[in-house]
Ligand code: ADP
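Here you get one chain, nothing else, as structure tokens; it is the form predicted on its own.
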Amino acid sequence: MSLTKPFIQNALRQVELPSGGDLVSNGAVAWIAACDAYANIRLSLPGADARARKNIASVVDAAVRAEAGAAGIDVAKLGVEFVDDQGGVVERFGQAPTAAEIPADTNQSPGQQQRPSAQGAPPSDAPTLHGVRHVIAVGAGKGGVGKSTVAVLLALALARKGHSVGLLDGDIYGPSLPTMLGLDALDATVINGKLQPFLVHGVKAVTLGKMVDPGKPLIWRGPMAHGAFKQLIERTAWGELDYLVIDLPPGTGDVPLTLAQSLSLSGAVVVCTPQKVAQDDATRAAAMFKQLGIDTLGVVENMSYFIGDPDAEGKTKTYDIFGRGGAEQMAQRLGLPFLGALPINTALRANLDAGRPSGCFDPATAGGDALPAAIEVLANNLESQVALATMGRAKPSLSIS
């Protein structure tokens, strides 16, 4: 057996912080690389001083080695690094493996993915974002299907699994992240010409909604939206990320085209509600991604059903307001993966309206087990589809010894 990223994540869940919770659930794990008997861990704990960093590094080292020992795994080198908001290393502890010991092409190390060319697609050498492993677009054929809700929940779910995650509000004309993430009291900051993302709920978030008057409509023509979107992508200090989730505007207009031409994407997620009219528009969105040479990683059925409040006996009743299962049938018809179905309930609406999306992951504040369980299924399936898409792009290699 050898060290793997999931194995180390499990060990880090045993490390509790003084403020409560463990390293993984608090989104403090910025990056993990592991191969054979070598591993390197990067932590993001902005409030920790030198003494606290030393103590945490010691506990992390002990926790990983204890788990490894119990599993019969040797640990040759284990490095623990602390990074700032931009991903720069502040302090190192232990023995960090060399690049030769952890190859750049392992699925635990950060790298840059390239999208294959396709008919009607932009050039296959579309640029990548430095330090960002996977860029995932979340789109929909029409507005009002909960695309931003799905983007936020997926980003938080991936972060809670130990990934370093960024979330970009690409919905230029109707940004929703300021409300959903509770950014009202925060101001945008620029350092050395780079926009600093907000570190909230375990993710790094950027939204145009924090740079304009919230009550003023953006009456922009295509070139203006194009330029604004490119600046949000290129002039943000993302640091190193496992995933960058981009919430696209609805439809098949300028911004999706700009995205496809500006970045090499790992793929796209199409959001759809069950009813026929939403399926028609989602089908067009999937066709757009295909024409642009972007893999569709899967379809999410949002608002699949409504969960009523519990009765006196604590039992709840579900209502198929829009007709459950329509998006899944559409995915099957188009030959696309189905990532899962998200229910809607009063708690989901209340949490996002109040800027508390983390409340959707705890049954006590999410209206029961159904919503957290559904989000976990979505995140697991998305991880699997990204891994499959990445494997499909990998070039075969031959080793001669």
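We number the residues from 1 along the sequence you see. Just so it is clear, the model here is predicted, and its values are computed rather than measured.
What follows is about the form predicted in complex with the named molecule, which we do not show.
This chain is displayed alone, yet in the model of the complex one of 207, 279, 149, 266 has a heavy atom within 4.5 Å of the named molecule; that residue is 149. Only one of the listed residues (227, 310, 323, 144) places a non-hydrogen atom within 4.5 angstroms of the named molecule in the model of the complex, and that residue is 144. Interface residue remark: residue 345 is counted as part of the site for the named molecule in the model of the complex, having a heavy atom within 4.5 Å.
Shown alone here, residue 352 lies within 4.5 Å of the named molecule in the model of the complex, counting heavy atoms only. Interface membership of residue 302, defined by any non-hydrogen atom within 4.5 Å of the named molecule in the model of the complex, is confirmed. When contacts are judged by a 4.5 Å heavy atom cut-off, residue 180 counts as touching the named molecule in the model of the complex. In plain terms, the part of the chain that comes close to the named molecule in the model of the complex, with a heavy atom within 4.5 Å, is 352 to 360 out of 23 to 31, 352 to 360, 45 to 53, 58 to 66.
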